[in-house]
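Quick setup: one chain, the form predicted alone, written in structure tokens, and binding and motion questions come after.
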């Protein structure tokens, strides 16, 4: 093995080790600071109760429901849009249009989240309020629509990359059989790219769950359990941002680390699911 290859291998090993140690350290840090709630037997109450600090109740269930509702609904809106744009870029459009759309998507990934939030407050919120006749317009639906725009570039770039990784021999075989681009897409590209599509979905869902500014600015920040997509709600990340200034020794502050643990577990579950799907797919022969 060459010196350069050995050096690169050690660098990559060091980077992987640092990543693992940092992940374990963050998880341990959250458990340590949330230990007063866990050891006192309040964990179930925090996970299933409502939020009412004036009455000594620090439940985060409304925030968990709000996080799941906004992130999952945003994924429902973003997936068909992202898949359609990806197909346009990688399969259907000419090189000039494909390059233009791709550069636009790249540009969107660099826009700060707070800019999306401002656009949502002054443009999307009034539209939703007028369309549904009442309310503040700051609700689950508004936040989900805005988050869909935010996470779409991530999904598009991953989808396009997975489409372009399909072996050219497969595509040439379809051409040799007289297939058109739609047949190539349906029968070859999509079946061979499903792992990349799932990866894009998982990463987009993780970003939607982890976003703070959009949910903080346009979701309404209500701590009651939402009953419809037009109700205001508060997400776990927005809740952390709003309560972080509380007294460090208070139970109110320590409940934030339970919020962090819940978000951490959600993300871990998604990563494990993707890994298992990849492992199963690795044993198949296409």
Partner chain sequence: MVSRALEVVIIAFSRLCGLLLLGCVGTIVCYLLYKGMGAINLKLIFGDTAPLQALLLRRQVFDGLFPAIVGTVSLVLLALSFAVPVGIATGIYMAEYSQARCKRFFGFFFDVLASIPSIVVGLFGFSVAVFLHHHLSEQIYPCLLVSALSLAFLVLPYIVRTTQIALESIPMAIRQTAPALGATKLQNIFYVLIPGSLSSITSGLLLAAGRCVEDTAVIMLTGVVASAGVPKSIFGQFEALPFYIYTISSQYADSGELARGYGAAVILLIICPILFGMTFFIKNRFGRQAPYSI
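Residue numbers count along the first chain shown, from 1. Remember, it's a predicted structure, so these values are computed and weren't measured experimentally.
Although it is not shown, the form predicted together with its partner chain is what the next lines describe.
With a 4.5 Å cutoff on heavy atoms, residue 158 does not count as touching its partner chain in the predicted bound form; it lies far away.
Among heavy atoms of residue 72, none comes within 4.5 Å of its partner chain in the predicted bound form.
Taking the partner from the other structure, its partner chain in the predicted bound form has no heavy atom within 4.5 Å of any heavy atom of residue 194. At a distance threshold of 4.5 angstroms between non-hydrogen atoms, residue 163 is out of contact with its partner chain in the predicted bound form. Residues placing heavy atoms within 4.5 Å of its partner chain in the predicted bound form fall in a single listed stretch, namely 257-265, out of 58-66, 257-265, 44-52, 224-232. Residue in contact with its partner chain in the predicted bound form (any heavy atom within 4.5 Å), chosen from 85, 189, 204, 139: 85. A heavy atom within 4.5 Å of its partner chain in the predicted bound form is found for exactly one of 212, 98, 199, 154: 212. Of the residues in 112-130, those that come within 4.5 Å of its partner chain in the predicted bound form through at least one heavy atom are, in sequence order, 112, 113, 114, 115, 116, 118, 119, 121, 122, 123.
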